[in-house]
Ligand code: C5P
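First, one chain by itself in structure tokens, the form predicted alone.
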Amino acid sequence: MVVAIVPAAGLGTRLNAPLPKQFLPLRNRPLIVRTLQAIENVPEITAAVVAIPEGYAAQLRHLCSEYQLSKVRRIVVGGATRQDSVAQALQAEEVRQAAYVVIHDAVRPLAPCWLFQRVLEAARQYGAAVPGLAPTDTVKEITANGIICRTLQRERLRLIQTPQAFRRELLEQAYRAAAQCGWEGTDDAALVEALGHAVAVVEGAPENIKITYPLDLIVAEHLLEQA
């Protein structure tokens, strides 16, 4: 059994919008709906648990009914950070029954079905897998004063996306360890890496952009028009 966790509790302050960005319209459909519809289209995923800001559960339940999002089995109130939200979702009964967990950001509405399937296939082999894209720009490491230390080798670098897939027991172990030492990672894979466990990287999808700034919404609109 595979269950998706969708952290959607952020407020999206960088968009300076009246609503949390996951509820903003993207081609006349709420962004979170498009993300959940992507999950609906992945046959391997049987259920989804969504972590949202306090006070938005009724709104999400209405959207699930309106758009027939049958895989959303539980809605939880998220925490102060993304990591807190995923930790809350990990306590859901649906997740505890799963063999594998897929974590996908609510603000990546354009992830294709094959990307979920690709990371799941790798997770079944390695226990943990993430998608990534090779950077096209030169990447440099700098000092605290903004001086270049060195130029990094692009062929060894990847820009990591979601969905990320994990064997459930491994992910739970990683979250317990992070909680015990008070450590917060920038993504779920970082917590698994901290255990010393290998995380496989598969090829990501260029269209799988993360909606962070107003320009990202414009780009997403354009990509949907071309689809």
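Numbering starts at 1 and runs along the sequence shown. These figures come from a predicted structure and were not determined experimentally.
This protein has a second form, the form predicted in complex with this ligand, left out of what is shown; the following refers to that one.
Problem set entry | Residue among V101, A111, A106, A123 with a heavy atom within 4.5 Å of this ligand in the predicted bound form | The option sitting close enough to the partner is A106.
Exercise. Thinking of this ligand in the predicted bound form, which stretch from 74-82, 143-151, 128-136, 93-101 has heavy atoms inside 4.5 Å of it?
Worked result: Comparing against this ligand in the predicted bound form, the contact stretch is 74-82.
Exercise. Do G10 and this ligand come within 4.5 Å of each other in the predicted bound form, heavy atoms counted?
Worked result: Although this ligand is absent here, G10 would touch it in the predicted bound form, with heavy atoms inside 4.5 Å.
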